[in-house]
Ligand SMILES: Cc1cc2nc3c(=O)[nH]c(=O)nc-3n(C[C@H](O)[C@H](O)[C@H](O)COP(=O)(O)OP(=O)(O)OC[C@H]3O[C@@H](n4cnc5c(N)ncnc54)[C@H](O)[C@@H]3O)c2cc1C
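Consider the single chain below, provided in structure tokens and representing the form predicted alone.
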Amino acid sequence: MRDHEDILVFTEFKDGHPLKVGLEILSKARGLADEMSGGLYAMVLTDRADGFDMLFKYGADRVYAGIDESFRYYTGAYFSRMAVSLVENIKPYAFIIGATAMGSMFAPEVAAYLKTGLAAHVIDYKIDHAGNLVQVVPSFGSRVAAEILTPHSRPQMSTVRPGTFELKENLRNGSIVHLDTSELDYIAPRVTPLGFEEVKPEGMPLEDAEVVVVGGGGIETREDWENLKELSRLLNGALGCTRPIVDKGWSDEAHMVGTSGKTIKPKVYIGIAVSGSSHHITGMKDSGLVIAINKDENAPIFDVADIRIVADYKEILPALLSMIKG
């Protein structure tokens, strides 16, 4: 390693504001950059020149900003070309990208151009005894935390799912470097976005709720699922699910908790008829108070629960709704 190693974080923007996942990554990367005596830099590709102060608030030393109408919507050719140019110019030790819908397309494109590795859905970073950055990812159905290094190629690239790291303010007096976007004039993308239609998920977003009610594969009827919706509403919370509920068509992946869905950290988690597979536990293990209701006393969810209710949810749920209604 060199005497210092810099970290570059791609911070996705929407409507002039950075997405929360970018700020979460900056919060975590700030400590890593300090440990490696390097700088922490944020890269932004956007169509408007505002919202950058938030990046300094969460630890960025410098913001590399590409501002152009071409960045209003995601176009792989434009975004990857700018990222590759910047990486080849500043040569960061690591390049980290949020695993959003856009980031999951963007990251592998950039890694392929740079001929480097890409660790997907990192859950932690650490520095080993030799001073190398180690990327920790879940493996074998989240039963094992695998440690990944990219020993020969640079930068080490990885993606991080929203909700993985805590937000931590660390204000810096940073600077903004404006990227030259003139080379975009010579790129002819094969696909040109004509517009963007956002489909907002029903109810409160899981990652914003202090109370999350999760229905598992043991939920038997659509009527029971609607009762869970009412419970989450009465608790001013959000309604989540596991994969079987999505397969039944009662909910969608925007509400799924686990390695294939979202990572949540609510103050209160209520799992109803959730067995507690390792895939699901990975997505909710950092919740505050965990309440589990399951008729199987050996259900794995009880291993992480603070309050364990061994009972048929069909007996508990109506009584719970009645009590909350007063």
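Under this definition, the rigid core comprises the largest set of C-alpha atoms superposing within 1.5 Å between the forms. Don't overthink the numbering: it's just position in the shown sequence, from 1. Quick caveat: nothing in here was measured; it's all calculated off a predicted structure.
FYI, the form predicted in complex with the ligand isn't displayed, but the following is about it.
The contact with the ligand in the model of the complex, taken as any heavy atom within 4.5 Å, belongs to G261 out of P266, G66, G59, G261. Taking K229, R243, R81, R172 one by one, only a single residue has any non-hydrogen atom within 4.5 Å of the ligand in the model of the complex, and it is R243. Only one listed stretch (38 to 46, 25 to 33, 288 to 296, 66 to 74) carries heavy atoms within 4.5 Å of the ligand in the model of the complex, and that stretch is 288 to 296.
Contact annotation for Y313: at least one heavy atom lies within 4.5 Å of the ligand in the model of the complex. The shortest heavy atom separation between I148 and the ligand in the model of the complex is within 4.5 Å.
Using a 4.5 Å cutoff between non-hydrogen atoms, G51 does not count as a contact of the ligand in the model of the complex. Interface residue remark: A120 is counted as part of the site for the ligand in the model of the complex, having a heavy atom within 4.5 Å. Contact check at 4.5 Å (heavy atoms) against the ligand in the model of the complex: all three of S139, M256 and A273 pass. In the model of the complex, the residues of 203 to 227 lying within 4.5 Å of the ligand by at least one heavy atom are, in order, G216, G217, G218, E220. Remark: with the core as the superposition reference, the CA shift of A299 between the shown form and the other one reaches 2 Å or more. Relative to the superposed rigid core, S27 undergoes a CA displacement smaller than 2 Å between the shown form and the other one.
With the core held fixed between the shown form and the other one, S278 has its Cα displaced by at least 2 Å.
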